[in-house]
Structures are given as structure tokens and as C-alpha cells.
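Just the one chain here, laid out as C-alpha cells, in the form predicted alone.
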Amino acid sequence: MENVLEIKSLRKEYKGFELNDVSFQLPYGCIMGLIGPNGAGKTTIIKLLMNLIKKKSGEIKLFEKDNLKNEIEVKERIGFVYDTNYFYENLSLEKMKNIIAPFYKQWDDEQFYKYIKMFELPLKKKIKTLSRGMHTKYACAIALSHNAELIILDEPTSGLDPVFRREFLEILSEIIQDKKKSIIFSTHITTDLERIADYITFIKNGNIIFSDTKDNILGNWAIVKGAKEELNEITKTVLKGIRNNDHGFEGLVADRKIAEKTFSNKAAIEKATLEDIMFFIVKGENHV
């Protein structure tokens, strides 16, 4: 199997929002970052993967199996960390684990207690006493303790301190080293993805802007800085987003080589970060 996940022409409609013909895929042994502004459709995609909401049309395959026809089988192979806590608040961490573990044929108690110790979690305390960060750590311990082949994370590092966030990213990187596991990681913290992601999928207003390898994106997209006199009908065609300031303009381009040829040394061209790309596409005066 080449791809752990394949999405084709996926559609979902709400009042005032439409997920529009979304298609992308994720190979085995890779981490995909799912980025976009609030309300772009990231959580909707994740809910559709997990069959928590019903799609209008399209196809979702997990492990080369339809996610609806084979729901129990594919969910057995998925570790899921959602951005909201769904554990029983009045139970201790250990009692909650005892309820969850029997649902997974490959549950590994040794693995669970390893993560509990690593994350410094209080097993005997009630879940309602945990901080947001500790809730996330506990959800991650559960998700990582049944040999899941696909880990789906929805904003897992929000609420975590920088030290544990760095440690958590290292754990995710280690998980995929055997090339048998993959991760989908939805987050607003783009620096986390620059550190560990292999692929980036950017969604805005329910549409895929791009889905490509991180190396291709960071190697091709760039920021152009120049005087306003350099803006004309020709140069504007290569810019995906423009921000004017007192000193001139800054613009985003999707192809650094085309930008270098178009502006011909009359503007500075710098490497774009994922945050730059998001900012200019969402907030730029011209945008895709």
C-alpha cells in the first residue's frame, strides 16, 4: 500500500459554508500538516474522516478501505486526539483507561504507562482536575497506546508549554520512523509543522489551496519586497497576495524562479515561511 489516506472530491455543506471537492492523499510513514484560518474546514475534514458527520459526496479511503463500509476496522487502526475533551470528568485517568482499553484489540498497557510516566500525569486524579495541557497529554497517551497506524491530531499542541511541545514533536517524529505509521496534524502553530511535517495541505473557505511536500512549498514560495513603482499589470499577475506599506510593498509568490525573472533584480526575494504563506493568502489585498 502506498497511501494510508486517499480523499477524492469530498463535499460537505453547512449553512454559510461548503467543503468543495477536496482531494488529497497521504503516503505511509509521513506526517501531514493541515493548515488554514479558523473556519476553513480543517476540523470538518477530520470529522468526516472519523465519520462523526455525514458527507454530501466524495470518497474517503483509509488503509485502502472505504471509511464507512469498514468503519469499525479502520477506527481500530486510528489514534485520535480531538481539540475537545470527551472523557468522563468524574473518573480517574486510570479508570478511564480501563474503560477505553477493551475497545482496542492491540491495546498495550506497557506503552500506556510509559507515556503516563513520560508525560508526568497523575493516574489517580480525576479528569476534571486536569489542566488543558494535561488533558491533551492524556488524550495523546491513549491515542499512542494501541499500535495505531494513523494518528489524527486536531490542535494537539495548543495549551502545551514550549518544553513539552518540543518533546511531543520529537515523539511524533520517532513514531513514523518504521514507515508503517502516519500522522495528520491540524494546527495553527506553523513552526511545529516546519519542524516535523513531510506534507502540507492548506485549506481556505472549504477549498484546497495546495497539498504538496513541505520541501516543495518552502523551496518554491517566496516573499517579494520592493518599491511600489515595480507594481504593474505584469508583476501583479505573479503575486498571490500583496501588502502595501510606507516603504513599498510585500508580496507572496508561488514560484521563486518566475518571480526572479519577472522582477529582474528590482526587488528583494526572500524565503517564505508557512506563516507568511497563510498570512498573505488570507489577508493579502490580492489573493488566490
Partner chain sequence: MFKILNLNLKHLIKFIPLIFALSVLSYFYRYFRIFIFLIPWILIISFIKKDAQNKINVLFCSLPLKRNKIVQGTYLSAFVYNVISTIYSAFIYYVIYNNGINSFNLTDVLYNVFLPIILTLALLLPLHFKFGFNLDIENMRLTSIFIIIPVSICLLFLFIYPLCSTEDFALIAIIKENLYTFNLIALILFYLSMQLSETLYKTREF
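Because the structure is a prediction, the values reported are computed rather than measured. Residue numbers count along the first chain shown, from 1.
The same protein has a further form, the form predicted in complex with its partner chain, not shown here; the description that follows concerns it.
Annotated contacts: 72, 84 and 103 all touch its partner chain in the model of the complex [non-hydrogen atom within 4.5 angstroms]. Although the partner is absent here, residue 99 is a contact residue: one of its heavy atoms lies within 4.5 angstroms of its partner chain in the model of the complex. Taking the partner from the other structure, its partner chain in the model of the complex has a heavy atom within 4.5 Å of a heavy atom of residue 47. At a distance threshold of 4.5 angstroms between non-hydrogen atoms, residue 155 is out of contact with its partner chain in the model of the complex. Although the partner is absent from this view, residue 76 contacts its partner chain in the model of the complex, with a non-hydrogen atom inside 4.5 angstroms. From the list 200-208, 160-168, 173-181, 103-111, the contact stretch for its partner chain in the model of the complex under a 4.5 Å heavy atom rule is 103-111. When its partner chain is considered in the model of the complex, only one residue from 57, 51, 244, 237 comes within 4.5 Å through any heavy atom, namely 51.
Residues of 5-20 lying near its partner chain in the model of the complex, listed in sequence order, are 12, 14, the criterion being any heavy atom within 4.5 Å.
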